[in-house]
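The data below hold one chain only, encoded as structure tokens and taken in the form predicted alone.
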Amino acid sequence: MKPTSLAELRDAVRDSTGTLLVKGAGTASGWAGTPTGVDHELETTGLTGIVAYNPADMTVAVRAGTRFSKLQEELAANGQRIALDPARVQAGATVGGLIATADSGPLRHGYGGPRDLLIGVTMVLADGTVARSGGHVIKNVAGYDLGKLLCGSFGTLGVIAEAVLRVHPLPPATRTVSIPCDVTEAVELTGRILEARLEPAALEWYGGALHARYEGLESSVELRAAATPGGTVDHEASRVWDGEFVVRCGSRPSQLPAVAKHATAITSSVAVGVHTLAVDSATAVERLRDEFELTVCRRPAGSDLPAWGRPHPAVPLMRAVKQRFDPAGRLGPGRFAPWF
């Protein structure tokens, strides 16, 4: 099923029976648990285009199947952007897919992740009910903020039809300063940069260097780049992954050295404590699970490694939310197995 409007999406959910697997562009199809017992696939890439956009309001309403790169192109024509830069955007990731997987990139240091930029959502629940939450203004405190629940839900609570996102101005100038260092030095340098109040938009350790990205007026980024301890201005950092398993791991920022010892490649938002690692074996994934919190595990095809580890204390609450939104278990069966 590939609906092209909210009404068709509602009808597809309401008039079908059995379980549904919600898909976007498929750029994260290997994330989370392997779907099981799926009766129908529901693809959202037919839901495209901007619904409402007034640059002066600094918000945009967009259909969920819109490619994120396409949205950014249209916003750039007005000197604006969504301050998200996940690596898989270039692979064709959709707006709804980024929300459903809570994916983000280095800009999470300065602007947060999808949950921080999502201010409204229209969704279709498992029984076909159309639900709306939030609105088109940044300061909106009315009702429950259901959009936050959808971030990272992997299509198990509802089908995202439309999203209202906060936009930011495109920075007039950027500079990236690269500081060669090991992971232990990176933690110390991160503290110095934060204490100096240089306010980088991104602060990532990758490829044997700490990269600080500054955004703003030309004069401002020049001053802050020059004031960065031990740094030299370099090109933007790129990412190369050659491991079999890729996981996203959360820890205290000071634990970066302990996380990095497991990785064959790693990029880390040092000040936030969110790391993306490539590792070479399922054993390494299990060791990480023993020590830290993993939120995403991308496994090789055919791997029997569970996507999720031991249930953490919030899992009973997650089960209760799932039961409330989807009591028949129609949406995304297997995505959070074995938790529910």
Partner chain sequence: MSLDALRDELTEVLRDGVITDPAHLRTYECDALTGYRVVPALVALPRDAAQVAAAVRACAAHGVPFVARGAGTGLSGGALPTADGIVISLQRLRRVVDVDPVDRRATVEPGVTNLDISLAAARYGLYYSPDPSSQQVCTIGGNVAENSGGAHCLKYGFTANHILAIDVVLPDGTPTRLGGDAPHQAGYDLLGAFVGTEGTLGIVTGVVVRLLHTPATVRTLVADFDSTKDAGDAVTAIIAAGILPAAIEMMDNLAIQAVNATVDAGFDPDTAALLIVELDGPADEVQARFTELLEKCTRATRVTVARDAAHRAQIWQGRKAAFAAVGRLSPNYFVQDGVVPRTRLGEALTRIAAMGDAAGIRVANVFHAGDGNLHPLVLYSEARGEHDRAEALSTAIAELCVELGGSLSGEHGIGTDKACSMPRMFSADDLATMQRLRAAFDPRGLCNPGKVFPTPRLCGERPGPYRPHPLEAAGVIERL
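Residue numbers count along the first chain shown, from 1. All values reported here derive from a predicted model rather than from experimental measurement.
Quick note: we don't show the form predicted in complex with its partner chain, though the next part is all about it.
- Across the options 67 to 75, 89 to 97, 123 to 131, 259 to 267, residues that bring heavy atoms within 4.5 Å of its partner chain in the predicted complex belong to 123 to 131.
- Proximity of Lys23 to its partner chain in the predicted complex falls outside the 4.5 Å heavy atom cutoff.
- At a distance threshold of 4.5 angstroms between non-hydrogen atoms, His136 is in contact with its partner chain in the predicted complex.
- Using a 4.5 Å cutoff between non-hydrogen atoms, Arg166 counts as a contact of its partner chain in the predicted complex.
- Mapping the unseen interface onto this chain, Ala12 falls outside it, with no heavy atom inside 4.5 Å of its partner chain in the predicted complex.
- Out of the listed residues Val183, Ala202, Cys151, Leu84, Cys151 is the one that sits within 4.5 Å of its partner chain in the predicted complex by at least one heavy atom.
- When you look in the predicted complex, the only residue of Leu42, Val60, Val272, Ala278 with a non-hydrogen atom within 4.5 Å of its partner chain is Val272.
- Although its partner chain is not shown here, in the predicted complex the stretch 94 to 112 places heavy atoms of just one residue, Arg108, within 4.5 Å of it.
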